[in-house]
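For reference, the chain that follows is the form predicted on its own, supplied as structure tokens.
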Amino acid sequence: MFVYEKRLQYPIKITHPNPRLAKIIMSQYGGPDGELGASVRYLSQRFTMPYRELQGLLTDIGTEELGHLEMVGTLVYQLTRNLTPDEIEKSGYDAYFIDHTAGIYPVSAGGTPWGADGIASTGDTIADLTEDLAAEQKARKTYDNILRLSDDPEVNDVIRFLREREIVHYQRFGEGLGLVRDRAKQKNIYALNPSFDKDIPKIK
């Protein structure tokens, strides 16, 4: 069970609206490497992890990603408050506005709605943790790209915090994979126990 604390993990107070920035930051809400996908990925993978340490790791990071989703949504909301029709049109936010007005909707910067086909939950410990390492680096890369395009110090302060957390998550997943390697000869490391598969003919 999760307990909701009614404050953001990091404070956000954006002074000036900027729908151009909101459009690209939205990708970390519902884009291919965003926070929604991360939280669903980790909170789904935790059920089949064979060790309690890994279950706890995925639960901790998955719930933190939900907090990051809240932060990205808050950024987009504050960047699009009280826009005039002229600001919406000139910034290129008009296509999004037509469908969603100023609502927060999980979509990539390119306009593709979020879908679960972009995440992996295989039931294989090593495959899932390797996927998680890659996911954190892709999220870090997206935050890097946002920083390259943003000239708002208030926005950049929040983005840098989120970027740092992706690096920490990457390190923790690396530790988790190390734990698996240490126990690689034990039962149930893989989705199917290798001893069950010993009689399966190898592909030549």
Partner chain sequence: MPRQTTSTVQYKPEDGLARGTLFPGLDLPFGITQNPGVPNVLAGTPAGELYAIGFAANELTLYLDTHPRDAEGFNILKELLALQNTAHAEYVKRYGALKIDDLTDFSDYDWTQKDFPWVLGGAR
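Residue numbers count along the first chain shown, from 1. These numbers come from a predicted model, not from an experiment.
There is another form of this protein, the form predicted in complex with its partner chain, and it is not shown here; the text below is about that form.
Put simply, Leu133 is close to its partner chain in the model of the complex: some heavy atom of it is within 4.5 Å.
The shortest heavy atom separation between Ser121 and its partner chain in the model of the complex exceeds 4.5 Å. Taking non-hydrogen atoms only, Ile61 approaches its partner chain to within 4.5 angstroms in the model of the complex. At the 4.5 Å threshold, heavy atoms of Leu57 reach its partner chain in the model of the complex. Interface residues of 45 to 82, taken as those with a heavy atom within 4.5 Å of its partner chain in the model of the complex (partner not displayed): Glu53, Gly56, Leu57, Asp60, Ile61, Glu64, Glu70, Thr74, Tyr77, Gln78, Arg81, in sequence order.
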